[in-house]
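Single chain ahead, written as structure tokens, the form predicted alone.
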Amino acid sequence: MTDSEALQLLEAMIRIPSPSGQEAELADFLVHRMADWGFRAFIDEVGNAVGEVGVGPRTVVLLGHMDTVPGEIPVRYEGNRLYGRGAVDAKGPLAAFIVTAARLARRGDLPCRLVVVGCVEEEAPSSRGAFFVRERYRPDFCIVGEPSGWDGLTIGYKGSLQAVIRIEGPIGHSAHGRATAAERACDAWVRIRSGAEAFNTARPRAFDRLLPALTGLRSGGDGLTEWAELDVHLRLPPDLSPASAEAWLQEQVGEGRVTVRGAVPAWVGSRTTPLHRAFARAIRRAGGMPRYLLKTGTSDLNVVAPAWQCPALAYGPGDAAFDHTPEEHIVIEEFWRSLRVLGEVLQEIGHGVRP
């Protein structure tokens, strides 16, 4: 498979819309393509696209995700850039996994079992695909497909808690100076922001800070009672568990009812495992200097790494600064360079990594 054919696969993936919960068409496309290239390919019980190739004794899981956030971006080339929703987050990394595994299999240079998974609902609070996969594999190595740049290795992610805060009460006349449910909800958000600022005192590094975001607000009533809801997303530092974050959030909002929609703890791994060293060597051979990243976002690595307890990291082409933006694009040369790095890494860990 040439680099141009690899790019054609990525473009085809980007042209298939797959917002969270609507990944079926892309899953079907990927399973058929992987089957054509010799994978044992299938769609699992929750809708993940899975392709397996090679045999043991080692198993490497290449865990990407098919879903994207909403928002259509016209698929197009501009110079050395390919634009489209998912180009960076994270169809670029998933395409790199599929292409690299197919190339190694076709060359007969695959002394390990590779399991490529395109998960569903990574962008949703459920992380449904990753939670399903977590219980079905126990790999020796795990690489999660997220944009890090071809020379970057993500070794940690913040945790996440997504919640709905609901405030209710009887309706009263606004002329009487009574705070409405909407006003009380606004006050609750101000307390959340102020509480986070207090929590973050003497925490200069973003990775160690509690980062709240207000992602939605609604209000209404039936003539007798009124209500207001806030959608709140907390990015959690390593020393704040989801349970502690939920308790903290309830303390800030007081009268409001907190309903958690999804939560995972932060995760930080070692940068000195055989997997990390293999990546560092491959990046240097390709002319780069390895960069080790701690990200303020969250990924499926938070879900699987604590359970699998194997060397794990996130890697993939693309600049994460363009995640979820109207300018999402991938630099084509970077995509190709990531294929070279991944190929060398998988050969090394498959044959038996050096200490």
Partner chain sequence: MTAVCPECEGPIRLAEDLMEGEIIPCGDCGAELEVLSVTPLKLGLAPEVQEDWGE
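It should be emphasised that the depicted structure is a prediction, and the values quoted were computed from it without experimental measurement. Positions refer to the first chain, counted from 1.
The same protein also exists as the form predicted together with the partner chain; that form is not shown, yet it is the one meant from here on.
Original post:
in the predicted complex, which of the listed residues (Ala320, Met34, Ala27, Val53) lies with a heavy atom within 4.5 Å of the partner chain?
Top reply: Answer to the contact question: Ala320.
Subject >> Among the candidates Arg284, Arg257, Arg261, Arg218, the residue which, in the predicted complex, approaches the partner chain to within 4.5 Å (heavy atoms) >> reply: Answer to the contact question: Arg284.
Subject >> Segment assignment from 99-107, 152-160, 125-133, 76-84: heavy atom within 4.5 Å of the partner chain in the predicted complex >> reply: Stretch 152-160 is the one.
Original post:
Is Ala41 a contact residue for the partner chain in the predicted complex, using a 4.5 Å heavy atom cut-off?
Top reply: No.
Subject >> 4.5 angstroms heavy atom contact with the partner chain in the predicted complex for Thr272 >> reply: So Thr272 counts as contacting the partner chain.
Subject >> the partner chain contact in the predicted complex: Ala243, any heavy atom under 4.5 Å >> reply: Because no heavy atom of Ala243 falls inside 4.5 Å of the partner chain in the predicted complex, the answer is no.
**OP:** Evaluate Thr325 for contact with the partner chain in the predicted complex, applying a 4.5 angstroms cut-off between non-hydrogen atoms, and reply yes or no.
**Re:** Because no heavy atom of Thr325 falls inside 4.5 Å of the partner chain in the predicted complex, the answer is no.
**OP:** Taking only heavy atoms into account, state which residues of 198-215 are within 4.5 Å of the partner chain in the predicted complex, ordered by sequence.
**Re:** Counting only heavy atoms within 4.5 Å of the partner chain in the predicted complex, the contacting residues of 198-215 are Arg205, Ala206, Phe207, Leu211.
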